[in-house]
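Okay, so here's just one chain, in structure tokens, the form predicted on its own.
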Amino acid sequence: MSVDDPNQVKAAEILLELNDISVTHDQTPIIEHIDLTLHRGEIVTVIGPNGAGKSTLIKTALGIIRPDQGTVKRPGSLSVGYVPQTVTLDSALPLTVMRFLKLSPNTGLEDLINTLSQVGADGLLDASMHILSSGELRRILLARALLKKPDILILDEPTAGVDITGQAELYHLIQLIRDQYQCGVLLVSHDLHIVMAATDRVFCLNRHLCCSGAPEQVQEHPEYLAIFGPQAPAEIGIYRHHHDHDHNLHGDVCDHG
């Protein structure tokens, strides 16, 4: 079940906590004094203009970048799945989807088939990674992250290069994954018109934390409007789906008996 109510957020298990995070590069501040928490069962989205430090924040949360100031708290027993913004593949190296996914340790064929089905990539097991469409590639990268049975799913621009219809489908899939796995999802996105409808909390970043909260609150905040313009709220149709049930990854309502 998603964590929509603030009281539920307070009671939910904290999976990731960033406290007073600052990162610099060549003495230039990239992000400054960022606080962020991620709870089990919620989707948190980081938005902001190019150069705002969004990817730096994600990599700091993952432990790829060590902050110059502040702490990152994440229970060591939790599994983390990560979908990067870009993946570079050697065009001279033959690589099927199956071989790519088998790079994950302890992965059996049945797990691969089931996970591909979950992300809507049935039939791609023997396809070459080099001929996949942008939408297919994003689903394969998501499948690779799900093979870890993640408690935390971190997504950096998960719909990069995907058309508007594919973006909506992928965000819906992310919601279903959150429901099925009961994981926490932290993602970076610039797709304001869709992401505002597909998230529980929004963090608006522009090197510092400009504002945060429910999508309805953030879209009216002066700093959000200063970054994205006064036309932004009019272009965003926020649909809030309040969960009183769970879905499987095909969108069907689960009967828990």
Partner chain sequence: MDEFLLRALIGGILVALVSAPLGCLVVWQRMAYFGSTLSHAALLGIALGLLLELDVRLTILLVSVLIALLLMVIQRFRTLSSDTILGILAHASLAFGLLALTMMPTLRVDLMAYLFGDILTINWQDIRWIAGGGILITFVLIKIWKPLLSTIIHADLAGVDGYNQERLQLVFLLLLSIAVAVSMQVVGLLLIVSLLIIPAATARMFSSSPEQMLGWAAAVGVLAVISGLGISMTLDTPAGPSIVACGSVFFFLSLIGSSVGAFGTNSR
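Everything numeric here is computed off the predicted structure, so don't read it as measured data. Positions refer to the first chain, counted from 1.
What comes next is about the form predicted together with the partner chain, which is not displayed.
Asks: Does Val87 reach the partner chain in the model of the complex, with heavy atoms at most 4.5 Å apart?
Replies: Val87: yes, in contact with the partner chain in the model of the complex.
Asks: Can you check whether Leu132 is within 4.5 Å of the partner chain in the model of the complex, heavy atom basis?
Replies: Judged by the heavy-atom cut-off of 4.5 Å, Leu132 is well away from the partner chain in the model of the complex.
Asks: Examine Ile64 and determine whether its closest non-hydrogen atom to the partner chain in the model of the complex is within 4.5 angstroms.
Replies: The answer is yes: Ile64 has a heavy atom within 4.5 Å of the partner chain.
Asks: Does at least one non-hydrogen atom of Gly123 fall within 4.5 angstroms of the partner chain in the model of the complex?
Replies: Judged by the heavy-atom cut-off of 4.5 Å, Gly123 is well away from the partner chain in the model of the complex.
Asks: Counting only heavy atoms and a 4.5 Å cut-off, does the partner chain in the model of the complex sit next to every one of Tyr171, His190 and Phe228?
Replies: Not a single listed residue reaches the partner chain in the model of the complex, so no.
Asks: With the partner chain left out of view, choose which of His221, His39, Arg207, Lys59 has a non-hydrogen atom within 4.5 angstroms of it in the model of the complex.
Replies: Selected residue: Lys59.
Asks: Mind telling me which stretch in 89 to 97, 174 to 182, 158 to 166, 114 to 122 gets its heavy atoms within 4.5 Å of the partner chain in the model of the complex?
Replies: Of the stretches listed, the one contacting the partner is 89 to 97.
Asks: What residues in 22 to 37 sit within 4.5 Å of the partner chain in the model of the complex, counting heavy atoms only?
Replies: Only a single residue, His25, comes within 4.5 Å of the partner.
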